[in-house]
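Considered here are two forms of the same protein chain, supplied as structure tokens in two stand-alone entries, structure 1 and structure 2.
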Structure 1
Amino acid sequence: MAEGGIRRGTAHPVAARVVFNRELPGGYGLLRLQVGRVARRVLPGHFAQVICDDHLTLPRPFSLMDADPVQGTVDIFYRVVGVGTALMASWQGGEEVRVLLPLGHPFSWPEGKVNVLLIAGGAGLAPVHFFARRLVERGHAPVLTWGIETESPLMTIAARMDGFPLNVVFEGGAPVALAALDAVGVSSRLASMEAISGRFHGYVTDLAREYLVQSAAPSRARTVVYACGPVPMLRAVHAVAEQFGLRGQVSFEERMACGFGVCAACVAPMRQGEEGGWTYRKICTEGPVFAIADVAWENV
């Protein structure tokens, strides 16, 4: 098996073997790939470009949900939405495929004695879940908030898939927390727009705000926020961070084409120079993770 990832500007695919490709409800799948030693370089927030088929001009970008440096594997949690992901869903254990990884800038490790507040929306949970577990290994005790609707296929997965990383803990009949995170000491809480006893009723960013309001002032001031989810949620994350004067990072899972900085199909507006100045930066090579303070939110 070929080993090593890509250096910036030299996009060499890595040969990978499918360990398993588990079909999940709602058109989702969990793919584990044996990628060899390059798995050691994978950090939360990195993404992979998956070559779904030689006949498709473009590879498809996916956040990495986990990496096992000892086994040399990486996990991708994907939803079938089009031709590329439909091809991925047909892959069988043992099959040889090609991916490019690790790509992009991962989340930065928080420095010093800080509180970490993680905010995830829907499938944006994948990189945040990975980050939460690695933060615990580094001695942090992050708090994770996840926005998910009961009618979402993700909730079916979370409620029924015992042993799956998204599996939820029930309290009084309502799913309230994430089991895999509970097991390693991460406090997690779910939010949805439906009023369900035991679950936070509202946007996940309202839950994050409530958590901050209830935190003691010194602890609140030491909080760093990290988020991944749809753009409207990321805008609301920015509003929360601004309200409490907090630093943090967001990961954009935007539309991509080439995936290595050539086509400019993936840009996001970032602050630059004088007051009010901004420019576009490429999510594939300069992101997908950006500092909240660097994003020109009025233009997102």
Structure 2
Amino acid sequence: MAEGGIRRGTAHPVAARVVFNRELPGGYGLLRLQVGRVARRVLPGHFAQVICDDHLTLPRPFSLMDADPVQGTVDIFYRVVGVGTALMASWQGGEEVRVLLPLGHPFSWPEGKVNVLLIAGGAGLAPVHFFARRLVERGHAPVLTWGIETESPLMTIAARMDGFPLNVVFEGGAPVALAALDAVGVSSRLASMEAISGRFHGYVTDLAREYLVQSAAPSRARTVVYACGPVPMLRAVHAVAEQFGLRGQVSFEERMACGFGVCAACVAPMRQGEEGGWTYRKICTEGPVFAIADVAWENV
């Protein structure tokens, strides 16, 4: 995790301009902001603190879904869940807003010839979607699984099954995939607890486990897992990683106050020593990405 991140005391609000703010089905939205040269420093796993309104006490943290260093833009995939995100959803193109970015430590690039399995839950798709495309640029062929219960325009009927076992059953026959990832050759499949056409019926971690079970043993042994989503999903990711003896990283979704380590309001329990000890580490500055094996999951 040597790349990226921002040191305490160096974070300042960036004046940003709304390029577009698209309302998506299921209460989701896609916001593109013009942030200038700072976009060059954004990596998959970084997050931003968005000042939704001057009358709100706290900014809102969001993982970044994309960064274009040439155009100087960043994308935020979000879901409207409260006052702050409702205000953000009302922003129009051309409006001036303020954000703090890039914050935290991003995902670490996998080393050597490995297979990459990405697991996302809900809006946790943002950093792994970003990561998937950058991994392709580096010569990897990641597989992404996404758990979502709502409709989404990010999907398309899967054109290929490369990298995914053919005998995984999807509701209604033809599986759906994420359009932008399918276009660049990333195999992606969706899961839902509801019986929705084109999706695996079950938890996204069940779909990931099925993928691993049906993978050839040598391929499975070389798999590295990266995930972002709600804590219950991350616990299940840990169980999958333990079952197959896999290493990897998880990105925590957490409500943060300052975003750069001053308030210590966002913490996660991490293992310390070899005798079962543990300590808290700040998610905003020491994370949000941590090694799966470092998290004291019994205390999360």
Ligand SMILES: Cc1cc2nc3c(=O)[nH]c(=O)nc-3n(C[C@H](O)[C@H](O)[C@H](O)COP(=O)(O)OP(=O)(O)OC[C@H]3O[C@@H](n4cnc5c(N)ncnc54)[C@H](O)[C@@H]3O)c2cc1C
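The first residue in the sequence of structure 1 is number 1, and each one after it adds one. A quick note: this is a predicted structure, and the numbers were derived from the prediction, not measured. In this text, rigid core is short for the largest set of C-alphas that superpose within 1.5 Å between two forms.
Looking at the two shown chains, say which is the form predicted on its own. The form predicted on its own is shown as structure 2.
Tell me, please, whether between structures 1 and 2 the C-alpha of P232 is shifted by 2 Å or more, with the rigid core used for superposition. No; P232 is a residue whose C-alpha shifts by less than 2 Å between structures 1 and 2 when the cores are overlaid.
Given a core-based superposition, decide whether the C-alpha of S108 shifts by 2 Å or more between structures 1 and 2. Superposed on the core, S108 moves its C-alpha less than 2 Å between structures 1 and 2.
Taking the rigid core as the reference frame, tell me whether P269 has a CA displacement of 2 angstroms or more between structures 1 and 2. P269: C-alpha displaced by less than 2 Å between structures 1 and 2.
Using a rigid core fit, what is the CA shift at P175 between structures 1 and 2, in angstrom? That residue's C-alpha is offset by 5.3 Å.
Upon rigid core superposition, what is the positional shift of the Cα of P165 between structures 1 and 2, expressed in Å to one decimal? Displacement of the alpha carbon, after core fit: 23.7 Å.
Could you tell me how many Å the Cα atom of Y28 shifts between structures 1 and 2 when the rigid core is held superposed? After core superposition, the C-alpha of Y28 moves 2.6 Å between structures 1 and 2.
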